[in-house]
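Okay, here we've got a single chain as structure tokens, the form predicted on its own, with questions on binding and movement later.
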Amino acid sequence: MQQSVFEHMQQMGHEQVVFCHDPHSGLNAIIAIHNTTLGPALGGTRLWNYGSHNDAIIDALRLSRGMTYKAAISGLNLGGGKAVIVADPSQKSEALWRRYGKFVDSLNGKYITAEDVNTSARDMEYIALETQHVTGVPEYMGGSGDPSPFTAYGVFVGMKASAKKVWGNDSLSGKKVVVQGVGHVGQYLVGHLIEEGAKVYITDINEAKLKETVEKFRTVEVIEGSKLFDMDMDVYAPCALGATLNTESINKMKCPIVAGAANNQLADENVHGPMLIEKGIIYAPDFLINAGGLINVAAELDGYNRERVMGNVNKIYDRTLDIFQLSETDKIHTQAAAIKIAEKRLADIANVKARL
């Protein structure tokens, strides 16, 4: 029997879920607010042609929970939220974004939106016409623009920390890295890896993105997605949608490191986190190493400073090593170790606030 929305909310600890509909613009959106202990919930808006409304709800709930942990472990004074719009990307319009902006504004700052899959700084510009509760707007509007370079750089330094743990040296030169998904973040990550001297393989369901990446980085090699987990590789970098780390894929995997930008990479963190440990695979928790984009857009709220942002993104390297150490000390998988640190900060600050 399928669980109700309330049952899912209670299970994951959500505060609020808002359903938004506008027949004129075709807007069907879900805004999920997970936790606002540390501050307003900041998280991107994803536009995706979901198979069902239930799929969209589950995605919004899982993504918003990840944003809570992402903000907490990154030391940001922000809560976790996420929104999804159920639509084909070709349906984007000024009217849709402005109507959506009205819904965001109705939450009075409890939720702040930003870019995500299939959304852009231009879309945020439309939203900003209706609400001030939006980040990642174009630079000419005083924003920070596309957060993808910062997300990719955070993943890159997290990957280097993983290499340090596995090989005692954080160089990725000569290592075989498979990047699954070469959208904005994936392409920036490929650039860092090529510059480092890695041997990069790419795969994507979007043929145009593959062609674009090959033309941009001549040394990359395209592989078929169906053959991905049959490859011998040093690093698997999932940078598309989530749940690629499942029982079937993990059983096939031939690599010592998983470090990528995708959210919710573990299909079931309680099953597949320990399974990776059993196979001797180091997993860099997604919400830890892909936090660069959040760190970047969050900086807009206090007066944007790129140098400060890069300093904070670089801290992902040491945090990743700390997580690996806690995982070994407490004999828990790395995702559980990262969640433990995030939840401790949430509990500590909740306790502080309760005593005021």
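None of these values were measured; they are calculated from a predicted model. Numbering starts at 1 and follows the sequence shown.
Not on display, but discussed next: the form predicted in complex with nicotinamide-adenine-dinucleotide (NAD).
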Contact residue in the predicted complex, from E196, D234, E125, D116 (heavy atom within 4.5 Å of nicotinamide-adenine-dinucleotide (NAD)): D116
Among the candidate residues P89, P138, G183, G75, which is the single one with a non-hydrogen atom no more than 4.5 Å from nicotinamide-adenine-dinucleotide (NAD) in the predicted complex? G183
Name the stretch, out of 141-149, 125-133, 165-173, 92-100, where some heavy atom lies within 4.5 Å of nicotinamide-adenine-dinucleotide (NAD) in the predicted complex. 141-149
Taking heavy atoms only, is A261 within 4.5 angstroms of nicotinamide-adenine-dinucleotide (NAD) in the predicted complex? yes
Taking any heavy atom pair closer than or equal to 4.5 Å as contact, tell me whether K209 reaches nicotinamide-adenine-dinucleotide (NAD) in the predicted complex. yes
Given that the partner is absent here, does N290 sit within 4.5 Å of nicotinamide-adenine-dinucleotide (NAD) in the predicted complex, heavy atoms only? yes
Using the partner position in the predicted complex, report whether L189 sits within 4.5 Å of nicotinamide-adenine-dinucleotide (NAD), counting heavy atoms only. no
Heavy atom within 4.5 Å of nicotinamide-adenine-dinucleotide (NAD) in the predicted complex: which residues of 210-248 meet that condition, in order? C239, A240, L241
